[in-house]
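Quick heads-up: it's one chain on its own, the form predicted alone, in structure tokens.
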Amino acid sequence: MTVSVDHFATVAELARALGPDTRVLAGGTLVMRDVNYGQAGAARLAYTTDPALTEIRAEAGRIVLGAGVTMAAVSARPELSFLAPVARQIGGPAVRSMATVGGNLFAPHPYGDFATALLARDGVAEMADGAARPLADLLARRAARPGFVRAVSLARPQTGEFRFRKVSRVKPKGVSVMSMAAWLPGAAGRITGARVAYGAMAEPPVRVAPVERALEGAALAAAAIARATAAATEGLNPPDDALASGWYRRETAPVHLRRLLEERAG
């Protein structure tokens, strides 16, 4: 199957050109693999060199990452130090120099570790048409190709509020058996507004409301952690794949969640 490649000067031009036969090309870490194996599912690739896609800026307590920002760029920016450990666990140096924030949002299971972290950071997708969509909604509908993501806005955490854990067969760069991210803001020693997300435990990355409820209003101590781990897989049906069975994921998720909540946060 022949695949054409078209360049557009701006995000707006690319967004107008999108259709059911078009896939967006950014870093290409997954798209080009599909093209090489004849599995692109589209006759056309579209890309843009609009510099707006690689911007990183701060806005009213939030950080905005352009969809074209790479994992290597995330790792290199001091103001993104809370996300750097997540970015550094995505592939090796060659992959991190190409893999993008926007591409990771649409990376299928078992990929999407960075999307999991953004989901736990109360992420909001800024679309090319100017709309703002919560990441939970975007991820749930991503198979329908809901539009072009221009940037992602996320809450900036205080020191010690955010933590991330990746479980893989090959250390430290393997594909995830599961990933977990937690944002645990608080006041007076109590958690307020807990956000917990899993990757590779469903398609796509998901927030885990039962765990969030178990932590809300509590001190991060043994009793609250026990309640959270008891609810670790409530309402989830983890997938079977070549990495692990759904049964294995269900059985081990409480263990990894407990370790995540007990570890020293960055």
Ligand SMILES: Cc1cc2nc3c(=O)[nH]c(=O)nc-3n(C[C@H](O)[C@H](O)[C@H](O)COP(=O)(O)OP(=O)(O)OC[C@H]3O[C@@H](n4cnc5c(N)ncnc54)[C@H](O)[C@@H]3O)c2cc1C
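Residue numbers here begin at 1 and follow the sequence given. Quick caveat: nothing in here was measured; it's all calculated off a predicted structure.
We do not show the form predicted together with the named molecule, though everything after this point is about it.
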query: Quick one: which of 184-192, 74-82, 129-137, 109-117 gets within 4.5 Å of the named molecule in the predicted bound form, going by heavy atoms?
result: 109-117
Proximity of A209 to the named molecule in the predicted bound form, heavy atoms at 4.5 Å: no
- prompt: Hey, in the predicted bound form, does R121 get a heavy atom within 4.5 angstroms of the named molecule?
  reply: no
message: Is T233 near the named molecule? Define near as a heavy atom within 4.5 Å, in the predicted bound form.
response: no
- prompt: R57: heavy atom within 4.5 Å of the named molecule in the predicted bound form?
  reply: no
- request: Answer with one of L220, A214, I63, V31: the residue that has a non-hydrogen atom within 4.5 Å of the named molecule in the predicted bound form.
  value: V31
query: Hey, which residues along 130-148 are within 4.5 angstroms of the named molecule in the predicted bound form, non-hydrogen atoms only?
result: G147, F148
